[in-house]
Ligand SMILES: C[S@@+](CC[C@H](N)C(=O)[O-])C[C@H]1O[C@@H](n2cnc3c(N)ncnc32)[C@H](O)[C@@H]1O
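There is one chain below, alone, in structure tokens, taken in the form predicted alone.
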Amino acid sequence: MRYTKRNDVVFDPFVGSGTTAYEAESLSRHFIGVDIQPELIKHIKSNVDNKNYFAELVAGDSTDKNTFSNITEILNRKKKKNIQLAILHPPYANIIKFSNHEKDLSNTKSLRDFLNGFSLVISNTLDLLEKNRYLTIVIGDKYTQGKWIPLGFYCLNEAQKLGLTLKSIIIKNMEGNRAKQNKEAIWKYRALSSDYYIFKHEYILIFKN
């Protein structure tokens, strides 16, 4: 509601379970989403019922320029020049495997491979983003092999390298996160036994182009 108005186009290159699509529908925004898993795209299409504002969903790889050629065609068909807000919620590198697709960022072999792929997605998205509008990254950190990986800061750095201006950092508290399957006590024990503080946060990084 702060960064868009009615009739604006919201874009999500990691559409996942469709949260952004459903919010765009409820707030009277147009929506375009991409996901590498065709079955997810099919599921979301069957649940979005936006009669007054378009919701276009594309199965494809957001690191691939060809996928964004399809997005440009959609914009042209809808008589739109650009998107007005991009929301990027990528996988947390290889913490959770989301598919068997080799181009899925959750299947990258190293942090550097993940960041290289994520940078491509940002770059492709910027080609569509209207000047002086906003790109948001939703990302957390990870802990693996005895050390904290500040994934959020690494992603922030990739965006800044592409010329985006950081406007805000919002810390989202993940209290009661279903991903932890109501096993907070276990996660707390793991944190204490591994000499780090338990973390339940995501960063919402807001950039202007």
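Predicted, not measured: the structure shown is a model, and the values here were computed from it. Residues carry their position along the shown sequence, with the first being 1.
One more form of this protein, predicted in complex with the ligand, exists but is not displayed; see below.
Looking at residue 140, you'd find every heavy atom of it more than 4.5 angstroms from the ligand in the predicted bound form. Residue contact with the ligand in the predicted bound form: residue 9 places no heavy atom within 4.5 Å of it. Within this chain, residue 105 lines the site of the ligand in the predicted bound form, having a heavy atom no more than 4.5 Å away. Under a 4.5 angstroms non-hydrogen atom cutoff, the ligand in the predicted bound form has residue 15 among its neighbouring residues. The stretch in contact with the ligand in the predicted bound form, judged by heavy atoms within 4.5 Å, is 29-37, chosen from 29-37, 165-173, 47-55, 143-151.
Residues 36, 37, 40, 60, 61, 62, 63 are the members of 36-66 with a non-hydrogen atom no more than 4.5 angstroms from the ligand in the predicted bound form.
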